[in-house]
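Quick setup: one chain, the form predicted on its own, written in C-alpha cells, and binding and motion questions come after.
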C-alpha cells in the first residue's frame, strides 16, 4: 500500500502489521504473544488429557504406559510447562477482563499488571508443584 509520511513524501507500507513492526521487548507485545503461545500449549495439554483418559478407559496396560511417560523426566518437564502455561493464561485472562472493563490501559499500569502476571505465574507454578509433590507423599 502506498502511504504518505507527515511531510507528504510517499512511502510503501504493509497492508497489515506483521512481526517486524512489533518490538518484542515491550511488555505489551511480550505478554500478548505469550498469551497466544500459552493458548496453544493448553491445546497440547488437552490432547495429553484425552490420551490419559483414553488410556484409563482402555485398561491397565495402556494406563501404565501413559503413567510411565508422564512420570518420566520428559513427562514431568512437560507437565511443569503445562502448569506454568495454565497459570499464565489464567492470570493474563484476568488481566484482560480488567481491560474489557476499561481499566489498566495507561502504560505504567500495563507494565505493573504485566509484571504481576509474570511473577504470579512463577509463584503459582511453584506452589502448585510443592502442594502436588507433598500431597502425593
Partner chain sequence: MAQDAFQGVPLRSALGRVRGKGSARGGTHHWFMQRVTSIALLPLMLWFTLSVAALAGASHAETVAWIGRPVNALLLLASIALAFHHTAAGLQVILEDYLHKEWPRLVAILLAKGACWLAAIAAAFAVLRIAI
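Numbering follows the first chain given and starts at 1. On a predicted model such as this, the values are computed, not experimentally measured, just so you know.
As for the form predicted in complex with its partner chain, it is not shown, yet the points below apply to it.
Of the residues given (46, 80, 65, 30), 46 alone sits with a heavy atom within 4.5 Å of its partner chain in the model of the complex.
In the model of the complex, at least one heavy atom of residue 60 sits within 4.5 Å of its partner chain. In the model of the complex, its partner chain sits beyond 4.5 Å of every heavy atom of residue 69. Heavy atoms of residue 76 never reach within 4.5 Å of its partner chain in the model of the complex, leaving it off the interface. Taking the partner from elsewhere, residue 111 is found to have every heavy atom lying beyond 4.5 Å of its partner chain in the model of the complex.
For the stretch 94 to 109, the set of residues having any non-hydrogen atom within 4.5 angstroms of its partner chain in the model of the complex comprises 94, 97, 100, in sequence order.
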